[in-house]
Ligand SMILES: Cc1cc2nc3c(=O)[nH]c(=O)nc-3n(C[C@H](O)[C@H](O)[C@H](O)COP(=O)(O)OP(=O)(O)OC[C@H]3O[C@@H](n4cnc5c(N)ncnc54)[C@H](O)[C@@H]3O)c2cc1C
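Encoded as structure tokens, the following chain is the form predicted on its own, with no partner shown.
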Amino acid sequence: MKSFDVIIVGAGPAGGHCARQLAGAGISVLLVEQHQTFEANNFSSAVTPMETLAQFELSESVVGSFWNQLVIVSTQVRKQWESSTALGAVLNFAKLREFLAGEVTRNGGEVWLGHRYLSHSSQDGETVVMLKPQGKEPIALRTRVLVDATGSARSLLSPHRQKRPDFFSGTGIEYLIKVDDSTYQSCAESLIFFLGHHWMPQGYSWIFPMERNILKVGAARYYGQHQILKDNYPAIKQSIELLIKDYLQIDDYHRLETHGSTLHYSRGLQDIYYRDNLIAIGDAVSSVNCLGGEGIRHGMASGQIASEYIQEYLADRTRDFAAYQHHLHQHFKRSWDISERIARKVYLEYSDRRIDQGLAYLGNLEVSEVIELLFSYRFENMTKGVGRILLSKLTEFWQKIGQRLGLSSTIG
């Protein structure tokens, strides 16, 4: 029976980066992926800020496009921010996972595509993992550490749905469409988000540029009863078609692909992080921000943190992964809790008018402040927009008073 120090089930960003780190440290690691190609599960919209490329040493070959504009559109308001330099990238999700897997093999690890996880059990102080290669008989492997990187499925640590924590869940669908030059150029280098009941009740939608003449057009909806809206919401695909028809104003396009996924975020981060020598990473421990569904760089961060504690475990310097769970809570919990509260209000409570007002406030922020808010979760920036509106109104008021009194100076 073949043995490894670590077997990681799931070759997404979290699993791939964790395997990459372990292989680079000389650990015997196997990365397992149930699909035979990385294109077979190409489900992420894959937007990230620029620092992600340097932080995780990603090749530009995984980039679909760079963006330097951010546009947010609500039912009645449109705000735009622009930078002279690139603010971030839209990654090619399939190429990203393929790149990480390539790094694993380059560092001496193994990657097995087309192998489905079946089960695991303890035997003689180690864990025996059963895998099913496509079209072949199941095989058994030994490992000292087993990693659940199966995403929201949580297939290893939480296979029984009735025993899972309380989730805040949502589903997203995205079209990859090929368009003419004019339509593509109108969206090139721009991230465009849509909020409000007109565009996407109970969620948000988006248009992102990819390779030339290719756009990502998608929408996501969170589960739960809206406090204002009734239950007759349009289907998610109808909201995507609305973007194509009303915003892009095109009929002539070719749909290359339709993909999607469901997010199950554990409220208060109550996931099971480990059990004995089994440890979970990425979406399996809610390493995804539920406000905007961003998970790639957070999943890779969890994988990198996990790799450090796995090495400690293999060296017999720790008996369990309690410190890993504490580390992830320190890294994510405060921002994640605030993000969840805001997401519930915006997507399940706010009226259209309230969303329009909120976007108007954000319009008073500088581009750097908006990027910090959206990608670094610095929610204190939201009050800056309100403060600047109040200051502007107060200045305007005193200017009018000064004019009525015949004063020549202005309040500025």
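The structure displayed is predicted, hence computed values, not measured ones. When you see a residue number, it is the position in the sequence shown, counting from 1.
Not pictured, yet referred to below: the form predicted together with the ligand.
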item	value
Interface residue in the predicted bound form among Leu328, Val288, Ile207, Val104, criterion: non-hydrogen atom within 4.5 angstroms of the ligand	Val288
Answer option from Lys245, Lys237, Arg116, Arg267, heavy atom within 4.5 Å of the ligand in the predicted bound form	Arg116
Site check Leu53, Val63 and Asn68: each within 4.5 Å of the ligand in the predicted bound form by heavy atom	no
Contact flag, Ser190 vs the ligand in the predicted bound form, heavy atom cut 4.5 Å	no
Touches the ligand in the predicted bound form: Pro201 (any heavy atom, 4.5 Å)	no
Residue contact check: Ala149 to the ligand in the predicted bound form, 4.5 Å heavy atom	yes
4.5 Å heavy atom contact, Phe43 and the ligand in the predicted bound form	yes
Answer range among 291-299, 315-323, 271-279, 76-84 for contact with the ligand, defined in the predicted bound form as heavy atoms within 4.5 Å	291-299
Members of 6-31 lying within 4.5 angstroms of the ligand, judged by heavy atom, in the predicted bound form	Val9, Gly10, Ala11, Gly12, Pro13, Ala14, Gly15
